[in-house]
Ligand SMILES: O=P(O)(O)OC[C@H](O)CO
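Just one chain follows, in the form predicted on its own, and it is written as structure tokens.
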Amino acid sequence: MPDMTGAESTVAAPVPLLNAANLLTAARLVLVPVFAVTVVASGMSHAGWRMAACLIFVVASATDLVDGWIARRFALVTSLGKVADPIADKALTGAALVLLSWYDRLPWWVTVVILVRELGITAMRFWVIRHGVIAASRGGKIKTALQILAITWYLWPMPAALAPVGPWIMGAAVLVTVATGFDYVAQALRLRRPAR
């Protein structure tokens, strides 16, 4: 329809909820209980089940990279996706950390520190969303990569010579997780600060 200047005006078509990005996010949510059951079946002692659990975790984690890229590349960002994506991420990471601690592979304090940070930052993002969006920083992306690598290392039945590397990777993940948490808090406070 032409506007008052005679030019054709275009109205952006609504983004369908049932799109590739949201379907990948849903698939990640579905894989969380599948992953958890596989870890429990392994008892963190059966090599075959541990490998299966590790592969499920890696595939589920990969969907997080792909769904975000698809949503941005093809303009498929939806309000549902904005809410469901972080929930799926935290559910997957949280399940992995809790199970690793449950089977005495990871100290509970590590799981608590990471989950408190992750859930706290997610809640804070919703708290400031009316004032602006806190985008994922480079540090946040490094944090995610380190967490995925560390969890993968713990899940896979590594040879005895390589197993000690896991705690070092997880230690780095914890440090970056805490540091980026403080950075996000600072960003949130700046967004909430009234303009002068």
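In this text the structure is predicted, and so the values were computed from the model without any measurement. Residues carry their position along the shown sequence, with the first being 1.
Although not depicted, the form predicted together with the named molecule is the subject of the following passage.
- Heavy atoms within 4.5 Å of the named molecule in the model of the complex are found in one stretch of 164-172, 32-40, 46-54, 140-148, which is 140-148.
- For residue 90, a non-hydrogen atom is located within 4.5 Å of the named molecule in the model of the complex, even though that partner is not displayed.
- For residue 82, no non-hydrogen atom is located within 4.5 Å of the named molecule in the model of the complex, even though that partner is not displayed.
- When the named molecule is considered in the model of the complex, residue 125 lines it closely, a heavy atom lying within 4.5 Å.
- If you take 168-186 and check each residue for a heavy atom within 4.5 Å of the named molecule in the model of the complex, you get just 184.
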